[in-house]
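Just one chain follows, in the form predicted alone, and it is written as C-alpha cells.
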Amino acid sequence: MIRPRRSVLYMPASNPKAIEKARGLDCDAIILDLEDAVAPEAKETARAQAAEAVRSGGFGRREVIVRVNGLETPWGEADLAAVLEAGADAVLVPKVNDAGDVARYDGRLGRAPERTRLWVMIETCRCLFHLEGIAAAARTSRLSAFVMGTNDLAKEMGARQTPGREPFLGALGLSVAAARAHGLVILDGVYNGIDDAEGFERICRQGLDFGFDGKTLIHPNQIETCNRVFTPAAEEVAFARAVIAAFAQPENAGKGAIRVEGRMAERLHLAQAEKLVAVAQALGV
C-alpha cells in the first residue's frame, strides 16, 4: 500500500500541548519522541503521555510513531513495553549498528499488533558499513523504514553541517540505495534552521533528488514547504499517466522502449510512472 510520508514531524512526548496540537497539523505522520527531545528527569512522564496519546487516537489519517530510547539505556525496555501495549503504527529505534540490532528490537515486538512496524535510525558511523545487512533484515522482521539521523551522524563523524551537506552525500546516497534494494521507506533527516525557509526548501529539494520519500521535521512551520516539495507536480503526474497509457496500447505490448510526448520511455520508466501515479492518487492530486 502506498502511504504518503512527505512530512514526518517530531513532537516531544513530554509536552502535552504539543501532542494535542499535532492532532490538527497537516503533516503525514507524527513521531512522539521519548529520546533526544526529552530530558532524563522527564522520560517516565513522556512515556506515559505518549502511550496515552496513542490509545486515545484522534490523529486522523496521520501515522503515529513513537521513538523510544535505546535498549542500552535505563528507559529502553519500559519504553518498548508501553508503546507496544498502546499499539502505535510504528516504533522508531535509535542508533542501530547492524542486522543484529534489528533482530534484537524485532524480538521485542512479538506481542505488538500485526500492523505495528519497526523503523530504525541511520545515525552511527558503524551502521554505514552495514546498510545492506540492516535493510535485508526486512525479509525476516517488521522493519519497514529507515530514518536518517544526520545530527547524530555529524556528531560521531566530527563533520560540519554545510549548506550542501557535502560530508554526508555518500551516506545519504548509500542509505537510499540500501532501502530501495529491500523495499523500505526512507526519510531524510531534520533541518535545524527553523527560521531559514530558503535553506529548508533547498534541502527538501536535495532530498527529493536523492530519492527520499519525505523528510523528518522539527517545527510545524516546516510542514507546508515539505508537503509542497514532496508532492508530485501536476505535469509530472500527467506525463506518468501518458507513459502508462502508451505502454498499454496493443502495438506497444512487446516493446522495451517507446516515444511518449517527444521523450524516450523504457519499461523501467513505466514502473516509475506507476509508482508516481499511485502516490499522487494517495494524496488526491
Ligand code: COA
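What you see is a predicted model; the values in this text were computed from it and never measured. Note that residue numbering follows the sequence shown and begins at 1.
There is another form of the same protein, the form predicted in complex with the ligand; it is not shown, and what comes next is about it.
At a distance threshold of 4.5 angstroms between non-hydrogen atoms, K17 is in contact with the ligand in the model of the complex. Contact between D28 and the ligand in the model of the complex is not found at the 4.5 Å heavy atom cutoff. Contact between R241 and the ligand in the model of the complex is not found at the 4.5 Å heavy atom cutoff. Of the heavy atoms in R47, none are within 4.5 Å of the ligand in the model of the complex. Residue heavy atoms within 4.5 Å of the ligand in the model of the complex occur in exactly one stretch of 232-240, 254-262, 48-56, 214-222, and that stretch is 214-222.
Checking A181, L169, I194, A103 for any heavy atom within 4.5 Å of the ligand in the model of the complex turns up a single hit: I194. Interface residues of 57-91, taken as those with a heavy atom within 4.5 Å of the ligand in the model of the complex (partner not displayed), are limited to R67.
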